[in-house]
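Just one chain is shown here, as structure tokens, and it is the form predicted alone.
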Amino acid sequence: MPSKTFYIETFGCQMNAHDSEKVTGTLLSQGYAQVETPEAADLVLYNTCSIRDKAEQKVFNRLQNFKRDAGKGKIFGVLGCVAQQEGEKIFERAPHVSLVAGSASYTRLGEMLVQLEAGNRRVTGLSLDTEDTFDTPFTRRDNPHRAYITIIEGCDKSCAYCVVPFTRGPERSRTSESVMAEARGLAETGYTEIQLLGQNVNSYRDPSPAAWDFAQLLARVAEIPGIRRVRYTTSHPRDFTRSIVDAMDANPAVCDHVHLPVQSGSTRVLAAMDRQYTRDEYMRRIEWLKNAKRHYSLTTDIIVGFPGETAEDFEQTLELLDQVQYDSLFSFKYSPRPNTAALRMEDVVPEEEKQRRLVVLQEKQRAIQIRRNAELVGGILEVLVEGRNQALGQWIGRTSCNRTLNFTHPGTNGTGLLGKYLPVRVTRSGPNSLVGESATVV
């Protein structure tokens, strides 16, 4: 039995979740065994997110809880965006931390482990001076049916509120050959759904002579035998082209869901954010999707209370919700982040007003989602079965349009349906999920 144990907790987005799969695979290859609690681990790792201050504070709260364990042989490490953002200052704020490493250094994780095991208590991996994407030889997949593939790392945009260019570095795309090889390998081992990842996934540019753009890569991955579904996130509106819609229309394996962050419905605020598109340009992309051959579910991100956002600007965002009719959205109050241009902006929106606007936005979106989901009642949707709620006697499925659909299926308990694709008739709806019954003839 391995003598070294580790625990890893992940904060943030799908890219962080996939990074943790890479870190876990590397640790397992180095002879470590994963445990379920930090108390049982020799090595405790927190893979962090710094998009908002709240996520950052969670990490330091976790570390504070284990301050008493300093000097008892337990090693603590901070990985990811907070590590890159705060750097060696973390050692001062949490002296019992021994490892501070950003995601660009994960290919060197084995070397850093050797330093830790040799007794070095201040090991860092903070250089962003690399042309490599953050791929490791070992990845432990957490889901047996859906797999993530990172196709592009970093960001070349300059959004005034965002720390990603400082924590992930510039954009670096993988070759199309390496992406296709990984996707084919996953299909051969039984994975049926692939999700392509990138901070700006549709900014992908193949560095090899093939020179594929994102639309070409998306189409080719969708053609791989055995792949039933292909998703992708997150798109930047400036790089969302008509050719992407055409590729989706032509390939049924590409899921009928597009996440296209708008951030604000006001062109004036978008300019202050340096988003590099106007409201009209964003809406042109929405029209491409609404006029496409297939019906696409649309979701987005919105920030309220950006410095200088007026009541009129906010009203334009509410009008955008009415116009687009999103199926869901992620909404946030603006949070000042280090190293960003917005820190220098004046006319800061008071916290209580930011909270009021967030509540108004979320209530409007909730009403939209109730209506949108109700329209699906009586219809049949295909789901990938992802789990089971034993207490309710329901299976948990996800539709191609990225909705959760909880359903009953006669005569099957345990894990018998996991990973299968089934038709389900929707019988009830709520603001955030659907309920149904299997339409499969038993």
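This is a predicted model, so every value here is computed, not measured. From 1 onward, residues are counted along the sequence shown.
Just so it is clear, the following notes concern the form predicted in complex with a small molecule, a form of the same protein that is not shown.
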* May I ask you to check whether Ser203 falls inside a 4.5 Å heavy atom distance of the small molecule in the model of the complex? => no
* **is_contact(Pro307, the small molecule) in the model of the complex, heavy atom dist at most 4.5 Å** => no
* State yes or no: in the model of the complex, is some non-hydrogen atom of Ala41 no more than 4.5 angstroms from a non-hydrogen atom of the small molecule? => no
* Asked: Taking heavy atoms and a 4.5 Å cut-off, does Gln369 contact the small molecule in the model of the complex?
  -> no
* Asked: Exactly one of Arg229, Arg357, Arg275, Arg174 has a non-hydrogen atom within 4.5 Å of the small molecule in the model of the complex; which residue is it?
  -> Arg275
* Asked: Just one of Tyr334, Phe214, Tyr282, Tyr148 has a heavy atom within 4.5 angstroms of the small molecule in the model of the complex, so which one?
  -> Tyr334
* **Per-stretch contact check against the small molecule in the model of the complex, the hit in 255-263, 177-185, 94-102, 318-326 (non-hydrogen atom, 4.5 angstroms)** => 255-263
